[in-house]
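We give structure tokens for two forms of one protein chain below, kept apart as structure 1 and structure 2.
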Structure 1
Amino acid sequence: MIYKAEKENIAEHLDIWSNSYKLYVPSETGELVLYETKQEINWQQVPVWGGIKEFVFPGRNRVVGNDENKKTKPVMLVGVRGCDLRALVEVFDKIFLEQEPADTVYKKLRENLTLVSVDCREPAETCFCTAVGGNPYGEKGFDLNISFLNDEVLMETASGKGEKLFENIKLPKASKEDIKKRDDIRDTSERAVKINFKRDYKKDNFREKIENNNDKKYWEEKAEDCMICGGCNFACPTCYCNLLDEVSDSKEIKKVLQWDSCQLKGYARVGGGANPRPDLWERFRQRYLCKFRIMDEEFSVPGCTGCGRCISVCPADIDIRETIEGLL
């Protein structure tokens, strides 16, 4: 269902929903816009820093020895972007819910989450979702999607969870013209994103180009400034590599799941010391291979949604688009 509302109404709606949900909204925090439990919402800035993976797959989370039956208030995440939704639905849900065995901790957090996405109207210069099969608006996985028109907003529900939000809110349905207006705005945003990276992962065959290039010199040159901080992985909405930290005490078995980075030297090392990728260039290339070949094979989508966070986070100014461009 697509409803139509006035811009000013959104604050009232969020107010109503905050009675039943713990609300996280994109909000300015220092120099960054983060998902916070604040009142002031920044609807414009893309992407919201930190993204949404922290909400279903926290950076460090007790997975054994926690109280699994503890009840928590439902969480509503407002202002989610298409790139992050795509990572959640196409990668995270597949690996942690659909592929057995399901991760029970993820499942609980995921089911507790209501996702309110928003169309991107002012893509950042690091955005390139359209080059990797995405769009600057939510296509699936949202419960409610908000599209800002000029004075009005369209609110599209896509699940029972989303429909439930309007049980006590009466709104008119959007007309065909309203939807046309929304789609025109979306087209404009799409064109704006396309300027940032005029490539298409399928047509330009990123996968094959990466696979076929095992030229040590090329990758060494691209990785030359890498500081091996792992920031690109931690900021990435599709990266979920993790390690299990053993923190049991004498009374109880406790384990903590913690994000890991394939760029770190010890990532694939085994107990005896053997390491299949001791050199940085191999690990650097592996990240591209993983995203555009292995994940593509596994999830039928590349492990990159074009959110551009790896570009903004990199202290060495390494740009994934330039690395790929050099291979085409």
Structure 2
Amino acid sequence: MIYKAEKENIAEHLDIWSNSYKLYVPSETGELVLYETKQEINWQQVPVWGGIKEFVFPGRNRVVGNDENKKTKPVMLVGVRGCDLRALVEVFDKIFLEQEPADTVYKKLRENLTLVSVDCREPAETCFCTAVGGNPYGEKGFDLNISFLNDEVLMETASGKGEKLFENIKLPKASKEDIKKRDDIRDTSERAVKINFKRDYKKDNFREKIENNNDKKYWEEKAEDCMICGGCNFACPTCYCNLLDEVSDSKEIKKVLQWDSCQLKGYARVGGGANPRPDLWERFRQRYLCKFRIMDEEFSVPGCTGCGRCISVCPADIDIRETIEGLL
């Protein structure tokens, strides 16, 4: 169902929803923060940091003995981007839900989540979702999607969770003209993203070009500015590598899962100190292999959604697009 609402009334809808949900909305930087009444919401800026991953796969989380039966208030994320939805549906759900046995911690967090996505009407210069099979709007995985026209918005539901949001809100249905206007705006946004990176991972065969390039000199040159901070991995919506630790104190031993980075020297080190990728250029190249060969082989989609966050957070200004371009 696609509903039509006045843009100025969105705050009223959020106030209603915040009574039943722990509600998060985009901050000035696009990061999802806890909603407060009459809060200014940044609907347009694509997030530099933050996304769905933190809510279903926390950076540090106790995974055993974490009071799994405790009831928690459902969480609603408003302003989710299409690149995040792809990462969730095409990668994380396949790993943690569709493979047996399902991950109980992830499953609980996922089921507790209601996703309200928003079209990217003003894509950032770092966005390149169209180059890796995506679009600057939600196609699947959302419960409710918001599309901004001018003074009006269209709200499209795609699940029972989405329809539930309108139990106490009565809105007219969108007309064919409204939907046509939305689609025209989407086409404009899509063309804007394509300007950022005029390549296509299938047509230009990213996978083969990366897999077959063993030029040490090329990868050393591309990696020489890397500061080994791991920011590209931590900001990426599809990176799921982790480290399971046992943390103890005087009272108990805890199993804690935390994010790990393939760019860190100790990531692949094994017992006895052996390391299959001791040099930075090898780890740098491995990230590209993982995104465009290993994950493509495993999930039938590239492990890059073109969100551009790795570009935005990199203190060395390393651009994944420039690295790929050099191989084509």
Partner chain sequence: MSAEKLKNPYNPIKATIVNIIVNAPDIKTFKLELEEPIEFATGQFIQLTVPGIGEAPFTPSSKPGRGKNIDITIMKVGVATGVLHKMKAGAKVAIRGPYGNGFPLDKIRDRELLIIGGGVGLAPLRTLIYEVMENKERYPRPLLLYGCKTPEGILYKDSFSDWEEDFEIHRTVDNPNEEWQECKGVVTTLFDKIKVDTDECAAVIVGPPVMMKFAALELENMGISPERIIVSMEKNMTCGFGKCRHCLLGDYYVCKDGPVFTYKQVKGIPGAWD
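Residue indices: 1-based, along structure 1. The shown structure was predicted, so the numbers you read here are calculated from the model rather than taken from an experiment. Just so we're on the same page, rigid core means the largest C-alpha set that superposes within 1.5 Å between forms.
Novice: These are two forms of one chain. I'd like to know which is the form predicted together with the partner chain.
Specialist: If we ask which form is the one predicted together with the partner chain, the answer is structure 1.
Novice: Taking the rigid core as reference, does the Cα of residue 264 move 2 Å or more between the two structures?
Specialist: Where the cores coincide, residue 264 shows only a C-alpha shift between the two structures that is less than 2 Å.
Novice: Once the core is aligned, does residue 36 move its Cα by at least 2 Å between the two structures?
Specialist: Yes; that C-alpha moves by at least 2 Å between the two structures.
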